[in-house]
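Below you'll find only one chain, the form predicted on its own, shown as structure tokens.
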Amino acid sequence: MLRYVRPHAASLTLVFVLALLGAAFELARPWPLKVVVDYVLVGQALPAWLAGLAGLLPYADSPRGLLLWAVVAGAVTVIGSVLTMLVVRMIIVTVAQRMVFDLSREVFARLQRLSLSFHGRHAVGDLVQRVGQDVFVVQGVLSAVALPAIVAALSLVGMFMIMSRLDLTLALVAVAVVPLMLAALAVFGRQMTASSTRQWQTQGAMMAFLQQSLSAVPAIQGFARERYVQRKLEERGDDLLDAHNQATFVSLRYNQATVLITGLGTAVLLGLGGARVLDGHLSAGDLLVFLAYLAALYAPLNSVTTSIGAGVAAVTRGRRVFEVLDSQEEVPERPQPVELIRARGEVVFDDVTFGYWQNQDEEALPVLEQISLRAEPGQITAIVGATGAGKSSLISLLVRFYDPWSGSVRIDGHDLRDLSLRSLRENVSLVLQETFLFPMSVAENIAFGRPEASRAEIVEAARAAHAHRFIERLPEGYDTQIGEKGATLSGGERQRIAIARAILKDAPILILDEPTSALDAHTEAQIFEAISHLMKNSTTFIISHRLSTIRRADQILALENGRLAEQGTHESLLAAGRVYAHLYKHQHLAAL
């Protein structure tokens, strides 16, 4: 947390100085009351230092004049305290919001760098909760923990020093409640930590369920399962309510215990203080000052205890944030990676074995075993196999979404682990089976891989993908804002925009994972004709179940149970009569 504080050291130092000034104003507030009682109403002689000060003030030599100046002094202390704390809180809010933004930006950047394995283990809604809500922990630490604790500590020290000069015995009795408060913290602290942790975990699970449900509205409505999902939501809502109530009740019991301790302490001190006035050890003004400090003394103590409760919640939320920041990168980049400028497109898989780790403590089974292949620059390679054969996993390794367990993947002789991730992925264009479109304009979606592209280049790519005509019919053409996940477009329209995006990027390696599954055969033929020049200049990998697409390939790889069963041309594999021929015969060239 300290590294987020250092950039704001100057502002926080000013806060500390102003907090000292505010504490001084608070310490001065009871003294005008003592002046009124002892020196105006009772008529005691002014002490030398106060008499000297009164001599400098006009009309202060009379009781009424002294009363007027006491009222002015009381007003100045109140106004000074209010203005000082106002400035302090304004600075704290500004610094805290800046820190929240910095932390949120770092968490989001970290999430983008973490591998698909990490994202596969965490629900999207829970991650949204962490980056959008839990990051406010830094604001809570500053405004609800650090600031009250600092102000309270300064006030406590100052009050105890002054109270000791008034009556050391009563001052010691006043602070005797501190051990009792520490005992209350020991009793409730562990309960607060456990209940707060459960509360934020349950809230993260609720966010995940909401995100998943809202993303699946078509399926929910299509199966008429609105009531079923509503019941599931209510069950999770009950869990969240129970967790919230548990955390609230524990915190409430802790706070009330501290109120009880301070209340009893006040009653005891009031009796002892009155007795010492009757015995002549204190003046009436001294007693009023002491009682004012006594009331103010327990307010900082309560602030400290309340801050501790807020700190427990902050620690819980902070752990969720720093769990992301401290997560180990499963696809790490070397300290000084090789920058791949423009690849020729030679791709080699050398004895690659790979699988997915669901849990680090459990042994995983490989989904690809001992895969070796070579694709030359400009060559088209089709990958076929039954569902679950490992086709998409093979492609994921080429973009380095994951690293192989053993063996290596190379581009132009470079092991992918030696390349910078950015330069590697800049050399690859993707058209995935699940089309990802962003809630921005059509033009921005097409230019996602080349944000600097001109409008003319964007339109040219859209024409090549046979998307220009339907885009022009949209309300604002290329400037039309697309709904979340492209919900305002049909499946075929989304796919054509994704193809236009790949065409515009014009990378030396092109990956097409079921690129035309949502298109009719006629449109598919038109698109492949339009991107044929791109495929000639790129090393292309195609996953498809359509024979018309696969037959264009220079080589076909047939996967079976995670192994490369055979490879060759369409004709040679048909003649071999094995895996590919079987798939061809049953028209089951599936790709998932």
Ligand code: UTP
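All of these numbers come straight from a predicted model, not from anything done at the bench. All residue numbers refer to positions in the sequence shown, first residue = 1.
The same protein also has a form predicted in complex with the ligand, omitted here; what follows describes it.
Contact annotation: A386 falls within 4.5 Å of the ligand in the model of the complex, judged by heavy atom distances. When contacts are judged by a 4.5 Å heavy atom cut-off, V367 counts as touching the ligand in the model of the complex.
The ligand in the model of the complex is not approached by F401, whose heavy atoms all lie more than 4.5 angstroms from it.
Among heavy atoms of G273, none comes within 4.5 Å of the ligand in the model of the complex. The partner is absent here, but in the model of the complex a heavy atom of S393, alone among T381, Q203, Q211, S393, sits within 4.5 Å of the ligand. Residue in contact with the ligand in the model of the complex (any heavy atom within 4.5 Å), chosen from F438, F249, F108, Y356: Y356. If you take 42-62 and check each residue for a heavy atom within 4.5 Å of the ligand in the model of the complex, you get nothing at all.
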